[in-house]
Every structure is written in structure tokens, then in C-alpha cells.
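First, one chain by itself in C-alpha cells, the form predicted alone.
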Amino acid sequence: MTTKTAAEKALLKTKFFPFWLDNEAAPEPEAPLEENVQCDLLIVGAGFTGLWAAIHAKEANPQCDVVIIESECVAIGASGRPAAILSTSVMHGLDNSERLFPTEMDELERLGKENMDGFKKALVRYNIDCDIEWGGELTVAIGDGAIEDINGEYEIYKKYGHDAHFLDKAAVQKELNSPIFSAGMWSKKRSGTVHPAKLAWGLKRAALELGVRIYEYSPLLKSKHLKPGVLVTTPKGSVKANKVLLATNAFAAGSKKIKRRVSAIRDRIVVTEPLTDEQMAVIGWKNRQGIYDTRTQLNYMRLTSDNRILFGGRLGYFFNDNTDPVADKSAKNFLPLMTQFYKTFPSLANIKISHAWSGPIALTTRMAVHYQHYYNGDMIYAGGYSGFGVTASRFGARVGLEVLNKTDAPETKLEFASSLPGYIPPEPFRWLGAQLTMYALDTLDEKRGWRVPWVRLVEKMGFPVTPPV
């Protein structure tokens, strides 16, 4: 049986919907907004950033009147679709932080660890059961040529005080029995995995208990500056707010100008049926780390609480930042990802895929949160997460409120909070550039040629694709 045939067979009965959201524990949605209301703070978007922002605002001032409007239901967007591997980084990884803000690394690392500790305390305070496991994060090298990359990861993690451990080939394959892993770096503390939808649903409950009003199926249609304040209109109601936080990430709702710096890239994920005890014994994975490799078109993987393997990667872009492409609801676009799955887990060649989906990543030249100001600062956009957003969104929301309220919090003086990522070309150049770049990255190692100067040009534009050229 060919790899393609095996992949097609594995996907025969797959549900093309996020595994996390396919859960009978999902709460009933709140009623849509069907009246005209007023509030101190309006949050647009009920994903992680929006929910964390609401909780932060009520914790800081219980008298603050907070409203959330959501275009569909809580966590239906990116927050219900990630791998949900937890990291202390608030800037999409230590390498990215050092690339962007080398002089602020010590402070960003301190804030990241502080944020993770606050994340853990919040789960206890609000009694949020979200299948959290603290197995750490494991970065793996694919082939001997990538061992140098792992050494670099190990050095930077140790430099900034992480409980990091270098694993040679024998040690990394003892952690997870995959023939393609040649080395690894295991950061053991303050990282792990979580069920993202259960986390979002728990945050929703906590926000409601704190007095936040949430209206689902209430998309923002338009906004108007009241000087001061903002009037936001929904299909059947409106909100007059003193301040507005746009927590819409890749969906970029709130202002057409957001998309000048944000592009909606799709990231694809498959989830297997539960592994048997025998299959688990073959692959190992007793410490249940969240895992990703160092390749440009990387793959990442983790276990669920019932021992399914989540396996993700293989980016895609659809014209005009389409956040709900029909093509990613069929098997064809997941076949390349399954090829990588079989290379990683050849002992699981006959396993079936229960769920497959794609999720929107808010790609910017920064790959991390930034803030765009509108209406003289009465409305700001807080977004741009391209990974590690489950915990970084808590930090981004907290700082976003400080920016919105124009406080003198020291975090707002840091470069990430006071600067913007670069512009991204509009359509059709955006689509053409994305297709060419992804093809170049997919074929770079085998064919090189024109791909090398093209990728370097993309890097000069600010996108850190950093291939091994």
C-alpha cells in the first residue's frame, strides 16, 4: 500500500471539525444582543484574548461594567483549534524574542514566567478543569543536520534560566520512539499541554460569575467614534462603550486597516483514534511532552487525555484571508500532513484519523502580539498570535488593557507594546507571495535553485522563515 493510499484510507471516516470542540460538555451559547446597551469596556471576540481581558478587567476593578460580543460562539475560532502546547514565551519562542527585542529579553522572559505562574493560579482560583498536564516541551531535530539547531535551542534556554536538558539520539528516542528524531531539547518546567476548548469554556464561566455580560452570535457590523467613547452596532442591537478592545486576532474584525499588518494563514491538524496500550508501549511517550521540530515547515504533536495523537503543521493560505475555506473540510489538503505523520510514526501505519481541521493563524512580520490604535486610542486591536497563544494571550490581554486605559504600566513602555509589525502587501500580491513562498519552503531541501534567493527576500521583508540554506 502506498503512503497516499494509506492516508486516504485513514481519512475515510474522518470528521472535518476540531476534536476539541466536538464535545458534549460544550456550554450552551449565551443569547445574542437584541437591545441597546452601555458599558465601560466592550470586548469584541470571545476567544482567549477576549476572555482573559474580561477577567483581568473585573479582577482589577469589580465595578467595571464589561461586555463581550462574539460573532459566533465562544472558542469557535483559533482558541478552539490549536495544539495547545504551553510555553512561557510571550513572543512566539525565545529565538523570535531575541530576533525582535534583544535588549528586552531579560524582562520579556521574566514577564513570561510571571504570566505562566498567573495562568496556573487562575485555573485553581476559578476551578477550571481543562485536562492540563505539565510534561514540558520537547524540541526535536529531524536528521543529523538539525542537531546544531537543537544545541542552539538548548543554549538559549539555559541562558535564560529554564530547566533545559539536551537529549542525544538514544535519549530522545527513549522519550518518543520515532526513527527520524536525532536529538532533542526538553524544557521540563512551566510548560505542558491543555484542552483549549475546556479552558475557554472555563474562562467563560469565570467571566460570567464575575459579572461580565456575554452576547454570542452578535458580530460587530460597524463602529463609530463618539469622541469620547465608541458606538458598536450588531445585527439586532448596539453597545455604547467608553473603551473597546478588539480581540479578533486572525479574523481582524473591527477595522479594515488591521489587515494591512495581519494575514490569516491556515495551520492543519489531524487527531488519531485513541491508541491501545500496546501502541502506547511501542512509541513510549511516558512523559507526555508537547513536541515540535526545528524545520521551517515544522510539525508538532502531543497526546490528548485519552491517548490520541494530535499531529499538526503544513501551512496554507487562501485568497483574501479566507478564515473558513471549504477546501480544508475534505481529505485532499490533509494528505501531505499524513505523509509526515507516517514518517514520524511508522509503527502506527494502520491507525485511523478521527478528526481533522485547520485553524487561522494571525501571521505578522512579528509573529507575536501587537496593538493597533483607533479612534484616538478609545479602541485598540490586540492580536497577532502565530503560536503559543494559549498562554501568551493572557499576557497580551493584560497589557492590552493597560494600553487601552493609557496607564503608566512599565510593560507599555517596552518596544513590543509601543511599535507595530511591518506592512503585508494586499491582494493579489499577498496570495501570490504566499503560494510561491510555501512551495519554495516545501521543496527547498531537495531542489534549492531560485528558492534560496526568494526565501531570503521574504526574510528581508520581515518574515522569519529562516530555512536551513
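Values in this document were obtained by computation on a predicted structure and should not be read as measured data. For every residue, the number given is its place in the sequence shown, counted from 1.
There is another form of the same protein, the form predicted together with a small molecule; it is not shown, and what comes next is about it.
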{"property": "Stretch from 428-436, 26-34, 40-48, 59-67 whose residues place a heavy atom within 4.5 Å of the small molecule in the model of the complex", "result": "40-48"}
{"property": "Interface residue in the model of the complex among Ile351, Ala253, Leu100, Leu123, criterion: non-hydrogen atom within 4.5 angstroms of the small molecule", "result": "Ala253"}
{"property": "Of Ser263, Gln289, Thr139, Ser386, the one that lies within 4.5 Å of the small molecule in the model of the complex (heavy atoms)", "result": "Ser386"}
{"property": "In the model of the complex, Thr248 touching the small molecule (heavy atom, 4.5 Å)", "result": "yes"}
{"property": "is_contact(Ser223, the small molecule) in the model of the complex, heavy atom dist at most 4.5 Å", "result": "no"}
{"property": "Contact flag, Tyr374 vs the small molecule in the model of the complex, heavy atom cut 4.5 Å", "result": "no"}
{"property": "Proximity of Gly184 to the small molecule in the model of the complex, heavy atoms at 4.5 Å", "result": "no"}
{"property": "Non-hydrogen atom within 4.5 angstroms of the small molecule in the model of the complex for each of Ile76, Ile85 and Ile361", "result": "yes"}
